[in-house]
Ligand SMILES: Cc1cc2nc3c(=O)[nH]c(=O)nc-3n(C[C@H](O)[C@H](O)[C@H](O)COP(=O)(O)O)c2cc1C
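In the form predicted on its own, a lone chain appears below as structure tokens.
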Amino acid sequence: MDPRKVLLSPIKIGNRTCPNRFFMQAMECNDADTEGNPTDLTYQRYENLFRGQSGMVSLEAITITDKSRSRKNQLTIMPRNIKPLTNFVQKMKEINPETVFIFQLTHSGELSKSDFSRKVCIKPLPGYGGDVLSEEELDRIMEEFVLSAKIAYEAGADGIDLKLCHGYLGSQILRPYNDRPWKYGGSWENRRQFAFDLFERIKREVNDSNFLIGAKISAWEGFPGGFGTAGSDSPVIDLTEPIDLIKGLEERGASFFIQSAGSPSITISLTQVDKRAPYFAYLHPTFSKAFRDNLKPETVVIGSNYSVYRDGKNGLFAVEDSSLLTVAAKNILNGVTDMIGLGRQSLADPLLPLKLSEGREEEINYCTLCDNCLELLIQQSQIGCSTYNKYYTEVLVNTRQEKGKLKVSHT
């Protein structure tokens, strides 16, 4: 098996074609300006991804509202952002018109930060909570999702990824814990209807068969009552609802799904497997294979958590070659996934696909799993790879120094 041949082969998604099997995940990096528009730092990050010849790139968890958000300097997609986003897309397409460019639309819900926005929820979760949304408020949020999808289309994006994962509002509605007696709560038929209604409304408003619509989904959130569990207080894995969800969304026009797992604020090691327990990564092919087996051949499944495999120096035992390129190629050949999603690795080396295509595998900068990028995310700093990019090394140092000053000031 030649991993290069497999990973650099094209794949069709809807009416569009990705030049290779690399998908660069939505990585929110907290570097927008005060209006939620891209800054020079944002441009630099995405220009590198487009120069790196990724098959498809997702614009990071761009929020449909500035009222409830998880990052202080988060990109927003509202009417005021149309022109800056249009310019942004145009610049990326000038660099590389072959890369498919999608926007990940999100609402943070109970993960919104109350010190600079409004924390809201569907049903208070222990330790999280927030203002409980009324049906009227959720209807307005759905209108904002639809408007944001139209803005993405007008700005020139090739499609959107609706974020139904990682503990954000979409997954809060879908999970069995949402046993609230209302139109989107209680029975699975009610909870799934939120996603179905949203897809249908967007398809009606953006009536273009070339515009891709998909979703990122946590197959199993990993805590009692989370999505992919057997009940409102059960941690037992049960993929009945996730499978029914993707099949229903496929019927409504979804052309791709990004498989994930966990809820970062609760089960971070499941969402973002770390070097202390790298074998957690083996759960993800199980979930992506379940997705792949229950969808039509033309619907694309994108698997997650490949950064952990690195160059094979990853702490995994009883396997001859567990390098990222080998594992990814095998999973594609074996029908486990169609594309591979890179998150932390995309920060470590946005040029990976280009280096692979030019036979420069030895020059790939592999993610070290230091998770300093996660620390920067938690601290609301600008986010990037502090291992390979000196700018973010300085950001990390300054963030830790400032954190230390804050601790001293509170003693």
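Note that residue numbering follows the sequence shown and begins at 1. Everything quoted here is computed from the prediction, not taken from an experiment.
What comes next is about the form predicted in complex with the named molecule, which does not appear here.
The chain is drawn here without the named molecule; in the predicted bound form, the stretch among 376-384, 36-44, 350-358, 49-57 whose residues come within 4.5 Å of it by any heavy atom is 376-384. Residue 306 is the only one of 227, 306, 103, 256 with a heavy atom lying within 4.5 Å of the named molecule in the predicted bound form.
Note on the partner interface in the predicted bound form: the residue among 272, 337, 171, 299 having a heavy atom within 4.5 angstroms of the named molecule is 272. Taking the partner from the other structure, the named molecule in the predicted bound form has no heavy atom within 4.5 Å of any heavy atom of residue 64.
None of the heavy atoms of residue 167 is located within 4.5 Å of the named molecule in the predicted bound form. Residue contact with the named molecule in the predicted bound form: residue 263 places no heavy atom within 4.5 Å of it. Heavy atoms of residue 214 never reach within 4.5 Å of the named molecule in the predicted bound form, leaving it off the interface. In sequence order, 25, 26, 27, 28 are the residues of 21-50 having a heavy atom within 4.5 Å of the named molecule in the predicted bound form; the partner itself is omitted from this view.
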